[in-house]
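Given as structure tokens, the chain that follows is alone and in the form predicted alone.
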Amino acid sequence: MSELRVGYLGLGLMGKPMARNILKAGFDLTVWNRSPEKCAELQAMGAKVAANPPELARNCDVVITNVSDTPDVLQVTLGEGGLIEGLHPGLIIVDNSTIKPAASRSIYQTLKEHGVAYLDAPVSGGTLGAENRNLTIMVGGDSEPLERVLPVLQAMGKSVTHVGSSGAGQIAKAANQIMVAAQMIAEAELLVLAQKAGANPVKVIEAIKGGAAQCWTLDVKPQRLFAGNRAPGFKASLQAKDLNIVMETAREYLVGLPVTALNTQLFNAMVAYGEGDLDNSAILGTYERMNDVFLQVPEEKQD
């Protein structure tokens, strides 16, 4: 068992399986979640449960946070009752959330003044990647604390890349979400075109995913959609949140992103329609309503 005492804060769709993999890798794990009942499964597997974030920080060498948005990270890290009240020399705080790069840099600077290291380490791969220890982890921050926590990160993901200084991990995640959104929307458009123009969508996917259009989205998502499964691997509301972070960052640095701006509005519309808890690939529904056509999988004809 590793000598590192690891804390994990935030046991949502992604956080719980990530924490479970840390525990399976043999680390001494303590967890905390705003909804305490989410700790029960990990406690039954041998994890300790902290009473609050300051206690989590005091009793761990590394604390990993994974919550929904920038205000949540600021609260659990620097706010009243947050990790900041339990800081100690040598502590490393790693954030797996997706937040504004500017906020990550601000947290880094504040914690540095307290003698505590901070890494922004957002992840990509969705719930399946979290469950299968198959995540891509993008890290911003100093190299020395990264070297120390690398075994913990490797317990959660297949790929860990040190992108650069503080905030660089969040910038890489913003870039990732530009591509993810574009793929989900392109998939929706091609499926609706195939359906309405009279081609079998299943055969269309089969025909194109082995060529220049091949991508992770076409390898993984159509099968779920064809089966009528639009439950989240990654919630559309989080996709919309991430895209809005992209656009805020683009405004900050005067970067023109016209296609991503449109994609952001499409996901915002999906959330406004009440479909934010569906998978991000369920943006298909927005296109179905727009075009008055709904995905159907034709039955195979017997010769």
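Being a predicted model, the structure only gives us computed values, none of them experimental. Take the two forms, find the largest set of C-alpha atoms that superpose within 1.5 Å, and that set is the rigid core. Each residue number is its position in the shown sequence, starting from 1.
Below: the form predicted in complex with another copy of the chain, not depicted.
(Q) Taking another copy of the chain as it sits in the model of the complex, is A174 in contact with it (heavy atom to heavy atom, 4.5 Å or less)? (A) Contact with another copy of the chain, yes.
Q. Should V220 be counted as a contact of another copy of the chain in the model of the complex, where contact means heavy atoms within 4.5 Å?
A. Contact check for V220: no, nothing within 4.5 Å of another copy of the chain in the model of the complex.
Q. Heavy atoms within 4.5 Å of another copy of the chain in the model of the complex: does T30 have any?
A. Close contact is absent here: in the model of the complex, T30 is far from another copy of the chain, nothing within 4.5 Å, heavy atoms only.
Q) Quick one: does G90 come within 4.5 Å of another copy of the chain in the model of the complex, counting heavy atoms only? A) G90: no, not in contact with another copy of the chain in the model of the complex.
Q.
Going by heavy atom distances of 4.5 angstroms or less, which of T127, S106, T136, Q154 would be at the interface with another copy of the chain in the model of the complex?
A. Going through each option in turn, the one that passes is T136.
Q: Report the residue, out of A117, I84, L74, I178, that has at least one non-hydrogen atom within 4.5 angstroms of another copy of the chain in the model of the complex.
A: Checked against the cut-off, the match is I178.
Q. Counting only heavy atoms and a 4.5 Å cutoff, which of 223 to 231, 159 to 167, 107 to 115, 75 to 83 contacts another copy of the chain in the model of the complex?
A. Within 4.5 Å of the partner lies stretch 159 to 167.
Q: Scan 234 to 262 and write down, in order along the chain, each residue with a heavy atom lying within 4.5 Å of another copy of the chain in the model of the complex.
A: Heavy-atom contacts to another copy of the chain in the model of the complex: V246, T249, A250, Y253, L254, V255, G256, L257, P258, V259, T260, L262.
Q. Taking the rigid core as the reference frame, is the Cα of G210 displaced by 2 Å or more between the shown form and the other one?
A. Yes; that C-alpha moves by at least 2 Å between the shown form and the other one.
Q: Take the rigid core as the frame of reference and indicate whether the C-alpha of V293 shifts by 2 Å or more between the shown form and the other one.
A: Yes, V293 moves 2 Å or more.
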